[in-house]
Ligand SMILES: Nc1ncnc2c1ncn2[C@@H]1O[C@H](COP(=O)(O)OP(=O)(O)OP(=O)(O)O)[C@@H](O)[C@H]1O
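Only one chain comes next, encoded as structure tokens, the form predicted alone.
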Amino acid sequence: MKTIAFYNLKGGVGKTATAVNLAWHAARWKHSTLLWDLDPQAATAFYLGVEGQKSYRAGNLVQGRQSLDRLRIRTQWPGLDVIPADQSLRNLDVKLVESGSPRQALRRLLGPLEKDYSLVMLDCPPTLSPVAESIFGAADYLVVPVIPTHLSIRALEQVREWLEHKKLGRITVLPFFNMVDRRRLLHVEMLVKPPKAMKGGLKTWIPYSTHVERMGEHRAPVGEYAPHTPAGRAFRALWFELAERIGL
């Protein structure tokens, strides 16, 4: 089982849209996939049309009184299951610290699901905290959507520095450009000459697109309702590149 975290310290960069679209592609290509939404905003379940079907307490999960196995929901797409977010995840930092081993907590919770999935994806909140440390302890790969702006690049640099500081070098960081608007000179300049922080990242980039914004209207990934649009083709290409990089 491979675990991929979709993460950026900066909010509003398209983490959830990326996670949902790539999870859909993974399932479509016959990889049994679980998408766990760790962001209390709960956008993943909304996009996939399964919000409100399950509730839980973050503390009960960390303390072993609830298991992830009972929180899984099958989506309408074969091979794609989701664990929705819960408002109690706002307190997850506190519960992880109370557990005494925050770095190992999520890896421990995911362990029993290894027999059921070849791929686990984590949609992560924008934070550097015990939650982030636990995510990085569980994930094999960190996929980082980056808007081609200086603030977004700075956030990526801060993540890399934090990983080094916490001695979490085992995780592979895979940034890629997202929400690219080629009408903007800075976006084009960064595409042509990527900043040093993007080294080792994915080459595929996702354009800024109204079709991505309409995921909430369709309650589905872009590939379901607009597969032949630039965004639909880009997510497909991004999935194939990612799959090759992680050895699927």
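Just so it is clear, the model here is predicted, and its values are computed rather than measured. When you see a residue number, it is the position in the sequence shown, counting from 1.
The form predicted in complex with the ligand exists for this protein as well; it is not shown, and the discussion that follows is about that form.
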Sole residue of 212, 26, 35, 48 within 4.5 Å of the ligand in the predicted bound form, by heavy atom: 212
Partner-facing stretch of 66-74, 27-35, 189-197, 176-184, counted where any non-hydrogen atom is within 4.5 angstroms of the ligand in the predicted bound form: 176-184
Partner proximity in the predicted bound form: residue 62 to the ligand, non-hydrogen atom cutoff 4.5 Å: no
4.5 angstroms heavy atom contact with the ligand in the predicted bound form for residue 227: no
Touches the ligand in the predicted bound form: residue 204 (any heavy atom, 4.5 Å): no
In the predicted bound form, residue 111 touching the ligand (heavy atom, 4.5 Å): no
Stretch 16-46: residues contacting the ligand in the predicted bound form, 4.5 Å heavy atom cut-off: 16, 17, 39, 41
